[in-house]
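Okay, here we've got a single chain as structure tokens, the form predicted on its own, with questions on binding and movement later.
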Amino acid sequence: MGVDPVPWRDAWHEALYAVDRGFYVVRGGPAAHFTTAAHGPTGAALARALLALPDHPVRVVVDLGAGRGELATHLVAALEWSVPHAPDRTEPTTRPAGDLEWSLPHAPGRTEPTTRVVAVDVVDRPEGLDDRVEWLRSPGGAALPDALHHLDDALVIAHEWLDVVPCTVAEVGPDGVLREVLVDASTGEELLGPRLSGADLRWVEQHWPTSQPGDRVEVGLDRDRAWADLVARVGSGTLVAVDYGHTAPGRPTRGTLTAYAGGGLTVPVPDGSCDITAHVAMDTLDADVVQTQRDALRALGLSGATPSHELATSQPLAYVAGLERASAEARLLDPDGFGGFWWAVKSIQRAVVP
């Protein structure tokens, strides 16, 4: 090994979020390395569906793990805001630290939106981002910015956030003992370390028990805690985690830790050169409903149905737009693709003061 091995959780966090070399900090946004449902036409269809999810008025939409603002941009478009731009307005909509009640600077003749969209990620505000999107920089991983709190009438979207919240990786050794996996951060070479113990072991015993040599576990405790922290910041509203995942009947025996770079799968080496991800135990999150994206979107009315041929003659532009929308919906519903993602949805009612 090149350097002393460390727990995967620690090496993983440094590899993705270190200020000077973290993959998400210095190597461009996720769109530079892989495609998610938030990009392109599927992102527009997903945004419309997510906005249809709450059964309450929404005053603020938070896009957590926003990349470079792709989904947030689709969200503001789906909200159909009409925001005239003053010709002398040059101030970006970057939120001052610690001030969640901050709003867009007012310009003469400007109509302020009734619903704000706040994007959160680990870099400064991207250049060229739609100025209707507010931006909040995050520390990365499980840590949330201090300014993200007291959210009321909110829709909080964690799209592919939890899968990049680093967690303990463990493996059952030849002796049948579950041990933490250590890794050389420069080469990716692994070594079995000490017995898993404490809260991590209790989580495994409750949610992902295994004793077969070679079986691996990505311990979901850190993801559960990160989600609980996010939930605690919402006074009223709806939260939805959308991610690669699994539930108790389908836990993967060999784990799911993998990496992406430059548009393809690669060996997970925690040196900052690649995205490192692992599927989420979705059913251990504090949620009211856990279901596949396909089921969630079908319940919201998405069908992927193509428009009638009669429309092609009477309204050709509408027909073409309908075909694009149907294609995007079909991709989101594909059970072997985006439709196989999981949604965990949590609703929080406003506390009634007697």
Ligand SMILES: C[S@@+](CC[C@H](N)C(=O)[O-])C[C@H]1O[C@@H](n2cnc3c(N)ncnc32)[C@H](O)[C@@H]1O
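Here the structure is a predicted model, which is why all the values come from computation and not from measurement. All residue numbers are counted from 1 along the displayed sequence.
There is another form of this protein, the form predicted in complex with the ligand, and it is not shown here; the text below is about that form.
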(request) Check whether Trp343 has any heavy atom within 4.5 Å of a heavy atom of the ligand in the predicted complex, and answer yes or no. (result) no
(message) Using a 4.5 angstroms cut-off on non-hydrogen atoms, would Leu144 count as touching the ligand in the predicted complex?
(response) yes
(message) Given that the ligand is not shown alongside this chain, does Gly67 nevertheless sit within 4.5 Å of it in the predicted complex, heavy atom to heavy atom?
(response) yes
(message) Taking the ligand as it sits in the predicted complex, is Glu171 in contact with it (heavy atom to heavy atom, 4.5 Å or less)?
(response) no
(message) Within 4.5 Å of the ligand in the predicted complex - does that hold for a heavy atom of every one of Pro41, Thr73 and Glu329?
(response) no
(message) Tell me which stretch of 249-257, 173-181, 158-166, 205-213 has a heavy atom within 4.5 angstroms of the ligand in the predicted complex.
(response) 158-166
(request) Find the only residue in Asp200, Asp121, Glu134, Asp224 having a heavy atom within 4.5 Å of the ligand in the predicted complex. (result) Asp121
